[in-house]
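Heads up, the chain shows up twice below as structure tokens, two forms, tagged structure 1 and structure 2.
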Structure 1
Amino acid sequence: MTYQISGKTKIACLIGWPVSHSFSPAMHNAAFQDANLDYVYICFPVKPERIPEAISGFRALDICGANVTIPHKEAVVPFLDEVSDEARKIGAVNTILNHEGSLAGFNTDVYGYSKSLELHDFDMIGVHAVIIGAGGVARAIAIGHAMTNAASITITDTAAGKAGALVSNLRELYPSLEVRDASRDPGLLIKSLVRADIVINATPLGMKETDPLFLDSNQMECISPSAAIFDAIYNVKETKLEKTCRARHIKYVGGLDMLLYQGVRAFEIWTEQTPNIPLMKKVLQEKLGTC
């Protein structure tokens, strides 16, 4: 692809450590070109200790917008001029808009998640949700459900204390929300799975062909056929979990659309235009080898 870089070309970027694996440049540059926007998207590997300088650099160099990835999503927050309500609740920013030197932080993962469910005709309002895994993606998903008046959220994690910390944080933010840590309580997990409207795989399980399912077969059996399963995994054409859901006639929502729509929202924030979404999806699928 050839870019016509001009004296007016605006720069959007990704900061992370590392960043060389990212598909965002391909996805955003294709969308910028398609929309005839004089923008270019590039990756900057930024070491954790250099975050303050990197953020000052956005202002100094008039970088128009940025994405932020692991491990900087939390670290950038104190250096921004304002942070959206969602991003503040999640405690992590994945998108920055530079408006005349004033930096606003957003988290577009909740939008990506909600949009992917909407596309599969799943209504998030008032549902019982079970989230397996309590890392970064689980946090955004949990806030998404809390913001749409979840009836309950149950969270488990193998890492000691991680689900407990997320549960405590959700209780502080949403005192009337029924939210529980089932990490050390298999009975509670089973009961929660039985009544769940949606069960979320927010673990890395499924990225490799040899991975086991995120739940054992007894736990899987507890999930109602009327429930949906959301799988954060996006790099596999057809996961073992997807095949299992198909065999049990359970609605399966894969992670690709969440990834796509968090990018779509970032594009809209930077440009105030709607990108060519099918093109962005095609580029992602080509890059992932999941076409």
Structure 2
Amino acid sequence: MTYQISGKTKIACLIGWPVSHSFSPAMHNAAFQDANLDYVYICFPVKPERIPEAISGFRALDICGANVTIPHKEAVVPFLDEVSDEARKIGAVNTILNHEGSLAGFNTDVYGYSKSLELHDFDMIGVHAVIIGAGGVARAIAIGHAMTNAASITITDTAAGKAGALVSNLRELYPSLEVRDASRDPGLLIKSLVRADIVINATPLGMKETDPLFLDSNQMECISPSAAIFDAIYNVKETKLEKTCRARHIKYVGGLDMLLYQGVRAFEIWTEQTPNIPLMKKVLQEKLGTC
């Protein structure tokens, strides 16, 4: 695919650490070309300590828009001029719009997550959800379930205090919601897994072939065959978790459609146009090697 870069070409980008695994450049560049837009999308690996400089660089270089991935989704928030209500509730930003030097932050992960479950015929309303991980993606997923009247949300994370902070935030936003931190309570996690309608892997586990499952074998056995497992990992053709779910006949929802639809919404924010969604999905599938 050939791109005609001109002196007027607008630059959109992805920042994260690392970013070399990302499928977003292929997806967005195909959509820009299909829409005859003079844009190009590139990746910038940004170390965590360089976030303030990176955000200043958006203004200095007139970067038109950006996506933000692990581990920067929460760290960028204080450096933006405004943040959408949804992103403010989540406490994390994954999309930035630069309008004449003013940077606005959005979170399109809730839309991407909700859309991916919808495509797999999973109804989010009133479910018992268990979220493993408490980073930016987990925050978006938790807010998505809170907004759809979850029966309960249980969260756990290996980092001390991280799940507790998210639980406290959810209780403030949604006082009537049953939300619990199971980080220091293995028994509570087991009970939550037993009654769960959906269990979410919001950790990076699964990105590498050598990674263990996000739950141990005993915890996996607690999950009902009628439940679903959502895996935020998207850059592996067939994860160990997907194989495990297939063996146990549990509905598995991978992260590719979430990536697709959060990207669709970001494209709309940057360009005020709707992209060619089938093309974007085809490009992602080609990158993954599934078509």
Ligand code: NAP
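What you see is a predicted model, and the numbers here were worked out from it, not measured in a lab. Just so we're on the same page, residue numbers count up from 1 along structure 1's sequence.
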| property | result |
| --- | --- |
| Structure number, where the criterion is the form predicted on its own | 2 |
| Rigid-body partner check between the two structures: R139, A182 | yes |
| Rigid-body rotation angle between the two structures, smaller part relative to larger (whole degrees) | 21 |
